[in-house]
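Below are two forms of the same protein chain, given as structure tokens: structure 1, then structure 2.
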Structure 1
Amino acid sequence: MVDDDRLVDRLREVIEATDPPPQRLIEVAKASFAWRTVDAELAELISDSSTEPALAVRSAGEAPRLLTFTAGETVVVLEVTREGGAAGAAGEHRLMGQIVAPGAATVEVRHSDGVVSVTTDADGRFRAAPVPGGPISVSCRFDDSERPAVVTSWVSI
């Protein structure tokens, strides 16, 4: 057993030396701390059309992906469409959204390269493009200051 422990320690050294996490990714992970949002309610992902088998088959074309998040009384629905077809350049995406209950808000789409800031119409609808592929999160700050801000959980598009 002691021998096993020694071999396991050696193997750990070997794996850490030959396949370490890329330094660039470590820097990205450190930078992601800037996305900490303490003054908003977290809206959890409750449905994702891309993980529903029946829909996934039907959307073999380029049907938009539907993501639904909820926090308390607020529902945020995102519709994600890949721009430029399946072979599009490194995946630019078009994002349309709807907030329920509707309300005028400033929406920030946070993604790996920065932030896209847009405002909703009076019915809580918004659109943003282009957004690069990878993790995104959407924060909604309502014009009605009584209504708590909402930020969606991160999701990869």
Structure 2
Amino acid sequence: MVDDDRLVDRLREVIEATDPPPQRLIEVAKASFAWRTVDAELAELISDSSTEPALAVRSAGEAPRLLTFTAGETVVVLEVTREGGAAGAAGEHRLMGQIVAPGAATVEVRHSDGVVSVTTDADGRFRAAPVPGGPISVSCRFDDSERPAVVTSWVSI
């Protein structure tokens, strides 16, 4: 930790002890945070491999779950794998993603414990881990300012 970080931490402690922000202000700030993606297009779930009939295939491990979302001409495909396989870490997952039509973007995987933020490669691929089990939504903000942001609907993994 550098000296500036210690100073900021110390200032935060002093302010919280002497003049904490009103609870209403905190609630309003959190509510306004949800509006930051209001202009994004909502990508709807069009395919979920967990709802498709199981194939008669023998597998040594748990098969990844495939999710496909679409918004306009943008398709977001996610492969969800439990970290460490079926007996892996408690509830942690790895997401491998592909944006079609590809483009450089910042991808945020929003989940109950926070956000995992990553960038795509030139082909629109990305990887996010660890992501806890539970509801997730993926936000894609493209470097091309003409291309609208896309946010997937929430889905439980």
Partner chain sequence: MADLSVSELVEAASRGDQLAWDRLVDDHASLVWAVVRSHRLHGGDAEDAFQSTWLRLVENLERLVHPDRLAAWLVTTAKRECLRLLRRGGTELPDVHIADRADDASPPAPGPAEALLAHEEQVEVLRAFQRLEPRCQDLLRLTVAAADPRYTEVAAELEMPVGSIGPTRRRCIEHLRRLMHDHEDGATDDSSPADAHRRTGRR
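Counting starts at 1 with the first residue of structure 1 and goes up one by one along its sequence. Nothing here was measured: the structure is a model prediction, and the numbers come from that model. Only the largest set of C-alpha atoms that superpose within 1.5 Å between the two forms is called the rigid core.
The form predicted on its own corresponds to structure 2; structure 1 is the other form.
Core-superposed comparison between the two structures: the C-alpha position of Ser145 differs by less than 2 Å. On core superposition, Arg10 has its C-alpha offset by 53.7 angstrom between the two structures.
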